[in-house]
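Next up is one chain by itself, shown in structure tokens, the form predicted on its own.
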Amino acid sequence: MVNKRLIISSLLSLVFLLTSFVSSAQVSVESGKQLFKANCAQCHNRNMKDNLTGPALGGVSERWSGREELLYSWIRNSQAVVASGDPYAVDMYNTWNKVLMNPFPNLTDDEIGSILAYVEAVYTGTEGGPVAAGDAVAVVEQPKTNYTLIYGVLALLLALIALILARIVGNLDHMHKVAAGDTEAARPSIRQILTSKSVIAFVIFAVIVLGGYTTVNSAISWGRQQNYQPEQPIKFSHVTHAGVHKIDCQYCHDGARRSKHSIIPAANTCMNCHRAIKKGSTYGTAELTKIFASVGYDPTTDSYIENYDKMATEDIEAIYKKWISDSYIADKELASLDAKGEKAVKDQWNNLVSALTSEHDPKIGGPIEWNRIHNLPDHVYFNHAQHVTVGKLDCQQCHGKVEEMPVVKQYATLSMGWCINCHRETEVKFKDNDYYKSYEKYHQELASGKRDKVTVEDIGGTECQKCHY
């Protein structure tokens, strides 16, 4: 006798497995863009045409044409390819003064393919137009495939096939019973099939598995804020300060080199420059006026206001409305304030009040309440000085190209896996670094040629207690 329940359960299990575990890995220019930023942008110019720490990547697929498998091996571990004696790899290694390329052993074929697709798209200008040397990388957008819809349709088709097969099994079972002499045996209906114990048991099992999968995924992503980009009370342009004027990150965030926190600069730091520069080039004078009002500086008289913290709001309003109106007249080349100009002054003043006051402190003046972007869990220890002063890392490695961000956002996931991968791949800068003098064994191995590098993992950078205490 045909075991109907066993066959139906097997078919439904097959449907579940096919719909739940179909791989979503695809070669995509959009995912290649994100992978390039995370893994390659520190050494390779993002216009793909100019050299940086590493060679320009434009045309890399053509240069390795016919040897794609070796190219993938090079990306995962360039030194292994050089050691194999491949002429092109050896020549590349020597051309770049034997500078080691970071290995990326964890990248899959699809991920490498996505990076190469993004490189060629930017290099050839097939997305967003050609990219000139020195320009920002064109935003490469790929039409997004609606995988949810595809998998939903696939699941319905497989469920329909399973239902048809279940009906066939029921008919075969009915024919078997009739052949055995059971002339009163009835054919099973669709309702009987769907309400059978085996189907109900499988549905419960599927709900538990899918629920567990969703719960684990949600727990893993809990608190992750990648690409978080809040509006700030003052429109501060990193493009202008760090990009155009090349102000070093540590001039404002001076805690990064000497303490655990990088610190948000006080308005007094802004005033080091803006006591002389009183007109805003990007967002206009209105945003600078917020800084002046927060510290009690009168830009009209070029002096700090005495007893500013005791002044009435009306008196403060008179000082800064005068400055705003004078600036508005100068900026707009007006002989006098007209009705439109008066409205602009009033709007700018209201915007200033909104930015500098809150429920807890309705008075103008005092620290600016910036919105925090990067925030690690309380059980994670991170020290900026350890990474910046000792490790000599660039700020961009964790925070991305801030000098190209009109509004700063969280660049990296800041997940534990992200940190551990960095520790596994980052080479410790032993040379002329007194902090690492105690590691005599590694110094001897480097000097003898027994070892060509030391990673953060080698000196205990992946031990739990280094970050969790």
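Being a predicted model, the structure only gives us computed values, none of them experimental. Just count from 1 along the sequence shown to find any residue number. The term rigid core refers to the most C-alpha atoms you can superpose between the two forms while keeping them within 1.5 Å.
From this point on, the text means the form predicted in complex with heme C, which you will not see here.
Put simply, residue 208 is far from heme C in the model of the complex: not one heavy atom of it is within 4.5 Å.
Within 4.5 Å of some heavy atom of heme C in the model of the complex lies at least one heavy atom of residue 420. When heme C is considered in the model of the complex, residue 34 lies well away from it, no heavy atom lying within 4.5 Å.
Under a 4.5 angstroms non-hydrogen atom cutoff, heme C in the model of the complex has residue 377 among its neighbouring residues. In short, of 381-389, 198-206, 158-166, 300-308 it is 381-389 that has heavy atoms within 4.5 Å of heme C in the model of the complex. Heavy atoms of every residue among 92, 252 and 468 are located within 4.5 Å of heme C in the model of the complex. Contact with heme C in the model of the complex, judged by any heavy atom within 4.5 Å, is made by just one of 123, 236, 349, 328: 236. Contact with heme C in the model of the complex, judged by any heavy atom within 4.5 Å, is made by just one of 71, 316, 324, 81: 71. In sequence order, 280, 281, 282, 283, 284, 287, 288, 291 are the residues of 278-315 having a heavy atom within 4.5 Å of heme C in the model of the complex; the partner itself is omitted from this view. After superposition on the rigid core, displacement of the C-alpha of residue 108 between this form and the one not shown amounts to 2 Å or more. Relative to the superposed core, residue 422 shifts its CA atom by less than 2 Å between this form and the one not shown.
Once both forms are fitted on their rigid core, the CA atom of residue 70 lies 2 Å or more apart between this form and the one not shown.
Inter-residue distance, residue 34 to residue 371 (Cα): reduced by at least 3 Å in the model of the complex versus the depicted form.
By 3 Å or more, the C-alpha separation between residue 34 and residue 373 shrinks in the model of the complex relative to the form shown here.
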